[in-house]
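Single chain ahead, written as structure tokens, the form predicted alone.
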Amino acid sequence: MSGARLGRVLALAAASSLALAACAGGGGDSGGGDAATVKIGFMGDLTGENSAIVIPPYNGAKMAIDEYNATNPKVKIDLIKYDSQGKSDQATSLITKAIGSDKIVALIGPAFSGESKAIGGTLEESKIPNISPSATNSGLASNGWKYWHRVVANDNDQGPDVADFLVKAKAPKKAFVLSDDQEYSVGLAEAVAKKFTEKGVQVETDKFSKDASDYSSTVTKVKSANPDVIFFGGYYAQGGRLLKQLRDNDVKTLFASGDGSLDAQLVSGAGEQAAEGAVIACPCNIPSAEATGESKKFFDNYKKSAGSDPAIYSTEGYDAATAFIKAVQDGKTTSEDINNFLTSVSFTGISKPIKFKANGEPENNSIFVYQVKGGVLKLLGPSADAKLEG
């Protein structure tokens, strides 16, 4: 069956089932009872090698929906999770089930850029609105999709900001920019390399397979180039192995990466000594125990709900779910009504003020810088103001 025909079939299936979905409890993680319900999905890598980036936004989304359902609303929300393991082909199979038999009316996710690209067309053809809490590839906004949204800054914001920060902090003459072959990794690395070049920094690049375990060829190239700074545009599973092999081969150059590496497993994967001083940029400001106001309230509630401190994109997951909750509170329970609602939604989220541009991008973007100090990821502040330690 062609993609277009499949989309039309799924759209008809979803449309014909909306009335039923709003009248019967579903098999999700929240809600139930005799109240009317709508089903909203969450899709992302929940058990794969980079799941630590996705579990926090799932926990944030679940917390928001649990809080909403606890108010005994007229229409409850069932949150149904779809574990793609970050794989595009798995996401493609799961979205067919989500729209066809599960009859979701909206989707939080996909979490990663590759899977977002893979199923964005199906969501569009089936008229299912989605909000990603964490997919940052800039090209996702240029597909003309009307049902696609995200609450996070893209790589064309993140990449230049981290490059500017590194130029300010280290005044490098030469940079080596690396990536694996994943959609997110390539896009972020290209954005960083472009900005370095604009700043007059000489750039060399290399790319390896995400499934590789031996990066000796890449390490040899980096060592021979003797750069002033290394940037890796990828996830922590690959980043930790890469950083360990660089340090094992006596490459001591400052190592930097983006949001996909913002997890303690970057440190454990590389080893605490190897990871010390590494810099990670992220379009996320993770609330800490020292936070105040709404951020402190979120920290306490999240820790109680999830059993752990907030982590990367936990607030973005909460805000993505809140946008859909506000639509349901306003009486929007069909996919098209929810999507129409998103065109004008505007509220103060935990991560940032939430409002979408016509292309689904967030109106508000900020990039923050973290550094590994003593084996712990420490927030240095907004990229424009942050200063390296040590």
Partner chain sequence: MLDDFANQFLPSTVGGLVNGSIYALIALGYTMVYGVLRLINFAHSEIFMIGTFASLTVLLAIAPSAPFTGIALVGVLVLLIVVSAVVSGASAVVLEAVAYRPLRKRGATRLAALISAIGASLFLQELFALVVIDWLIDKPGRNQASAPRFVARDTVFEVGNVAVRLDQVIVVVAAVVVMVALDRLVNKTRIGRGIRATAQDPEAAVLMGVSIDNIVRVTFMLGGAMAGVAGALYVMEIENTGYMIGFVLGIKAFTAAVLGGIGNLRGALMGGVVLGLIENWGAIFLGSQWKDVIAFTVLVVVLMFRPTGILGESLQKARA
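Residue numbers count along the first chain shown, from 1. As the structure is a prediction and not an experimental result, all values here were calculated from the model.
As for the form predicted in complex with its partner chain, it is not shown, yet the points below apply to it.
For a residue to qualify, one of its non-hydrogen atoms must sit within 4.5 Å of its partner chain in the predicted complex; none of K81, K326 and T348 qualifies.
Interface residue remark: D337 is not counted as part of the site for its partner chain in the predicted complex, having no heavy atom within 4.5 Å. Though the partner is left out of this view, G360 does not reach within 4.5 Å of its partner chain in the predicted complex, counting heavy atoms only. Its partner chain in the predicted complex is not approached by F299, whose heavy atoms all lie more than 4.5 angstroms from it. Of the heavy atoms in D206, some are within 4.5 Å of its partner chain in the predicted complex. Listed stretches are 115-123, 214-222, 189-197, 151-159; the contact stretch with its partner chain in the predicted complex is 214-222, by a heavy atom cutoff of 4.5 Å. Between the options V75, A237, I286, L94, the residue in contact with its partner chain in the predicted complex by a heavy atom within 4.5 angstroms is A237. Out of the listed residues K303, K168, K146, K244, K244 is the one that sits within 4.5 Å of its partner chain in the predicted complex by at least one heavy atom. Residues of 92-130 are not found to place any heavy atom within 4.5 Å of its partner chain in the predicted complex.
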